[in-house]
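The chain below stands alone and is given in C-alpha cells; this is the form predicted on its own.
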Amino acid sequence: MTSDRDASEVLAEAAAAAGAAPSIHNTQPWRWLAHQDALDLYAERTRQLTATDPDGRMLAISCGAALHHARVALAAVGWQAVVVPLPDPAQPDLLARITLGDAVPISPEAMRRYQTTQLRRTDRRPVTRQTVPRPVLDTLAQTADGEGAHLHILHPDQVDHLAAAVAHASAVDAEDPAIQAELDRWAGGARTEHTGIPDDVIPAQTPQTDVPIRTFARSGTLPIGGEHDRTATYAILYGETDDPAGWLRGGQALSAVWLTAVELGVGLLPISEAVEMPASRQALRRVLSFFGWPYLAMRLGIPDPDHPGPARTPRLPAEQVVGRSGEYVR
C-alpha cells in the first residue's frame, strides 16, 4: 500500500509514467497538471497535427491512451484511479481529471500490466504466418468492451473494404501539401527533440501487406523480411459516439487492448489513416453496419520471435509535460 505518500507526488509520477503511451506520429499531444489532490490531463494543441487531424480526433485518442497508462501506473503502486472525463465545459482542452480512490493491494497482474507499458512498441514489419487464435481475439474484444468501446474483427471480405479506405486516404494525403509537410516534420531523422518517428522504426522498404501501411516522406532503416501479412487479422475499434468523450474512451480502449495484446504475445499496429478522412471513415461505418463510429483500425499478428522488435520511439522528458499547481508546462 502507498496510503502514507503525498497524493500530489503519486499523481505526478503516474503522469510521468503515462509518457510511454502511443500517440499519432509520436506527437505526445498532452500535458499534465498535478494538484494536491487531483491530476488534470490537457490537450497540448502545439503538438496537434492540424492538417492531418483538424478536428482533434487522433489527438483525443492519443490523450486517452495516456490517460489509461496513468491509470495502469497508479494500480501498480496500489491506488484506484477515479476518472472524470471533460470535467469543465468552460475548458475544452481539459480532457480528464484523475483523483485517488481507495488504496488497493498491489497485484501481480497490475505490476505485469505496468511493465508491459515499457515493453510495448509500434512494429511496422510484416507478422509471421501464425494466425492469432480466436480465444485471444475474443479476449481483446472483451478488453475493449471493458473500456466502453468495442472491437470488430474483420472478415476477409471486410479487409478489402478497409484496404480500399486506407488506399483512398493515402491518395488524398499524397496530394495535400500541408499533410505532407506534417509528415516531413514528424517522421524521419534522429528525432533529437524527443518526439516524432525516427528512422530506426520506419521500414527500409515497403512491407508486403493486404492493407497498406502509411507511406512516410522517406524510407527508414528498419530491416524487414520477405513475409506477407496474409495471415494477419484486422479489426476496427469503435464506439457509440463521435465526439471528444467517445474519442477519449477510444484511446483508453486502444491502450488496454494493446497492452493485453502484448501480454498475450500479439503485435498490434494501429492504422489511423483509415479514420483521418471523412470518406474513409464513412466507408468503415458501412463495414460496421452503421452500429457505431470508427475510432481506429488495427492489424493484429504474431511477431517473429527470432528477430528483435524495433527500438522504442523517443519520449519527452517528464519536466516538459508534467507540472505542479501554479506551473504551466509547455
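From a predicted model like this one, the values you see are computed outputs, not experimental measurements. Numbering starts at 1 and runs along the sequence shown.
One more form of this protein, predicted together with a small molecule, exists but is not displayed; see below.
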item: Single option in I197, V132, L222, A76 placed near the small molecule in the predicted bound form, where near means a heavy atom within 4.5 Å; value: I197
item: In the predicted bound form, the residue from M277, I302, V287, L269 that sits within 4.5 Å of the small molecule by heavy atoms; value: L269
item: Listed range touching the small molecule, judged in the predicted bound form by heavy atoms within 4.5 Å, from 59 to 67, 35 to 43, 277 to 285, 259 to 267; value: 59 to 67
item: Non-hydrogen atom contact N26 with the small molecule in the predicted bound form at 4.5 angstroms; value: yes
item: Touches the small molecule in the predicted bound form: H228 (any heavy atom, 4.5 Å); value: no
item: R124 within 4.5 Å of the small molecule in the predicted bound form, heavy atoms; value: yes
item: 4.5 angstroms heavy atom contact with the small molecule in the predicted bound form for R71; value: no
item: Whether P85, H150 and W293 all lie within 4.5 angstroms of the small molecule in the predicted bound form by heavy atom; value: no
